[in-house]
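First, one chain by itself in structure tokens, the form predicted on its own.
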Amino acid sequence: MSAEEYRFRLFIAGNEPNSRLAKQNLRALCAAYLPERHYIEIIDVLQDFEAALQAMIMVAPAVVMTAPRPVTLFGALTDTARILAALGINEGDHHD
């Protein structure tokens, strides 16, 4: 198993339900599959729209994985298997 750090930028729209769900799902996924190997930066586009524009994010919620490789996903991150596959994380890396 690689010890690479995974870095995420999660773009949310205030306390909107899908944004809350995306935040919960990303945190749970990282805790389960990337314990102590992840960093999550949360950007509220309602407060920092410039950051969203610079990242070319026009829809929230959206997560941009910046390391170990660039990947952008949109939505509430509810389909764990699909999210893990897109991020290149092996489902066998699950930690309880």
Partner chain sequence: MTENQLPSLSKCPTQIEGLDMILKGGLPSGRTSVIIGGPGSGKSLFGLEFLYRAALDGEPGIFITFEEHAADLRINTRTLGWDLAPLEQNGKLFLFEARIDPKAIVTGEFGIQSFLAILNHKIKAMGAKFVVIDAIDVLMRLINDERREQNELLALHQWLSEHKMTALLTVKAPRDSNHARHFEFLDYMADCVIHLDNRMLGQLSTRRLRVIKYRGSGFGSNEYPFVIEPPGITLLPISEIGLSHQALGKRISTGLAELDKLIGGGFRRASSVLITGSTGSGKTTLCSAFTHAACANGEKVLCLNFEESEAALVSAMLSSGTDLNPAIADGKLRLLTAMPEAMGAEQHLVRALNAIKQMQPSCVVLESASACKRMGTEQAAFEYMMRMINTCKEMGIIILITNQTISLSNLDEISGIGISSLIDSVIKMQMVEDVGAMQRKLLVVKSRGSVHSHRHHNFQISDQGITILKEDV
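This one's a predicted model, so the numbers in the text were calculated from it and none came from an experiment. Positions refer to the first chain, counted from 1.
The following text describes the form predicted in complex with its partner chain, which does not appear among the structures shown.
Using a 4.5 angstroms threshold between heavy atoms, T78 counts as touching its partner chain in the predicted bound form. Contact check for Y39: no non-hydrogen atom falls within 4.5 Å of its partner chain in the predicted bound form. Proximity of A67 to its partner chain in the predicted bound form: non-hydrogen atoms within 4.5 Å are absent; the residue sits far from the partner.
In the predicted bound form, at least one heavy atom of L46 sits within 4.5 Å of a heavy atom of its partner chain. Residues are counted as partner-facing when one of their heavy atoms sits within 4.5 Å of its partner chain in the predicted bound form; in 6 to 27 these are A13, E16, N18, in sequence order.
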